[in-house]
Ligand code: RAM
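Here we start with a single chain on its own, the form predicted on its own, put down as structure tokens.
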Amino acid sequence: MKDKNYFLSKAQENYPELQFTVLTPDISEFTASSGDSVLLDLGEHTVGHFSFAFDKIDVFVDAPVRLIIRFGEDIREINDDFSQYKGILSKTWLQEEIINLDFSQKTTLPRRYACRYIKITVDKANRPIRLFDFSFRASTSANVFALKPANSADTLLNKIDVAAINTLKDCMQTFFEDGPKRDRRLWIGDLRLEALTNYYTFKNLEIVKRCLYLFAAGECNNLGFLPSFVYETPYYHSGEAHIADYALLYVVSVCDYYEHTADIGVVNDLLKICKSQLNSFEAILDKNLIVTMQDGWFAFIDWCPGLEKLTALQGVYLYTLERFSELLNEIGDEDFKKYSSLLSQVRSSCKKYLYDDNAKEFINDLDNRQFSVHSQIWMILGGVINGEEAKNLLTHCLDNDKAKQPVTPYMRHYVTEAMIKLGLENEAVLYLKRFWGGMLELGADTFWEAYIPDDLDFSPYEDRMINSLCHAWSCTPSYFIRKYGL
């Protein structure tokens, strides 16, 4: 019987080697007195540790020098007034340090930062000082030197690919982080999309394997769902959240891994866990095979405010059943018939109970008759409708002002996937250009956690200042561009 220690040992066997690059900003030195400041530009978004030196000008510095150092993923973050922060996440994620230096010295700040810009303000110095020898030691486990450009025929898609690659690179540390500025955890939803993009870019299979084993070591909740996130520092810790759609997408991530590696050893290690996720989900279906709400759990789907999620969650279940059935068939597992039969039954039930034949939409009482892109897309990805019927619904929901729309690149990935599944590649390209290209127009060199073109202040955490501007789940344009030759 494989236990937590076994899975952690397998994760440790696949610990990635970090690669380091030293970046120097656009300014080499700065002479300053109290109240003076300097803005350093590293030229690109990066993740790592900042070093600098300070010395006297010509008079001995006989009192501590106090500096305020701010790290910004963009210029807006550099100029924000952190004293006005009202968000629901800890203010300590805002990237600013106040340090006191007693003597002329070289200093390396102990914390790791995600930034492009660094602003240093001399809060107090009783004598003029010189700041110099600025350097930033960037880290990633991505082999950037082996990566080939996408070489799309479309110039904008090439630019989008570069920013998507930078996003993945900065999130690839000792595991697939969700965001290097904030959280710095391994989440299943991010893992799945990072791994997909990695297969077509850096091809680091060990880090994917490591992440799958880290989740396998996690503690399931009373419903049997894996933790939705884990920590590895300062020690391994299984996260408290158990998100239903993430538990399902762990299974899909294992299927993806086998598709790209044919590594039956990993599948054999994780097969029991995958089956338990699907069996646990089956246990919360009603007599009509429709998911029911449970105490103490929730679905994610997207950060869209007010989103009703049961229909979309049901679609994630179907999506997972289909992928898992395909895996079992390929490896000759005897449970293939069980899961493929269940897939057929659940699809029929969804068409009967979740689809409005008159409206030709997935609207139902379980979701309070709400019409959302999320429900339509996940029912399409789950195979409940296909062909022209699905194409018409997809186009209708995206162009409908009354429909709840995605607010994260995470959900927009699945919109794009549905388009390609239905043969709408031209529409997929336009969708990539509109949303990921829209971030580029606003100066992004990595892609963001959340993005609403008409509401740039939107935040899932009630304050834009805490948003991540380099977030793992937004890296998948490179997957689409490279896999499908867009």
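Here the structure is a predicted model, which means the values were calculated and not measured. We number the residues from 1 along the sequence you see.
The same protein also has a form predicted together with the ligand, omitted here; what follows describes it.
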query	finding
Output flag, Asp178, Trp303 and Glu449 jointly within 4.5 Å of the ligand in the predicted bound form, heavy atom basis	yes
Proximity to the ligand in the predicted bound form (heavy atom, within 4.5 Å), stretch among 140 to 148, 90 to 98, 392 to 400, 186 to 194	186 to 194
In the predicted bound form, the residue from Tyr85, Tyr200, Tyr231, Trp297 that sits within 4.5 Å of the ligand by heavy atoms	Trp297
Of Phe134, Tyr319, Tyr246, Phe215, the one that lies within 4.5 Å of the ligand in the predicted bound form (heavy atoms)	Tyr246
4.5 Å heavy atom contact, Phe435 and the ligand in the predicted bound form	no
Contact of Phe30 with the ligand in the predicted bound form (heavy atom, 4.5 Å)	no
is_contact(Arg182, the ligand) in the predicted bound form, heavy atom dist at most 4.5 Å	yes
Distance check, Tyr461 to the ligand in the predicted bound form, heavy atom within 4.5 Å	yes
Any residue of 459 to 486 that, in the predicted bound form, places a heavy atom within 4.5 Å of the ligand	Tyr461, His471, Trp473
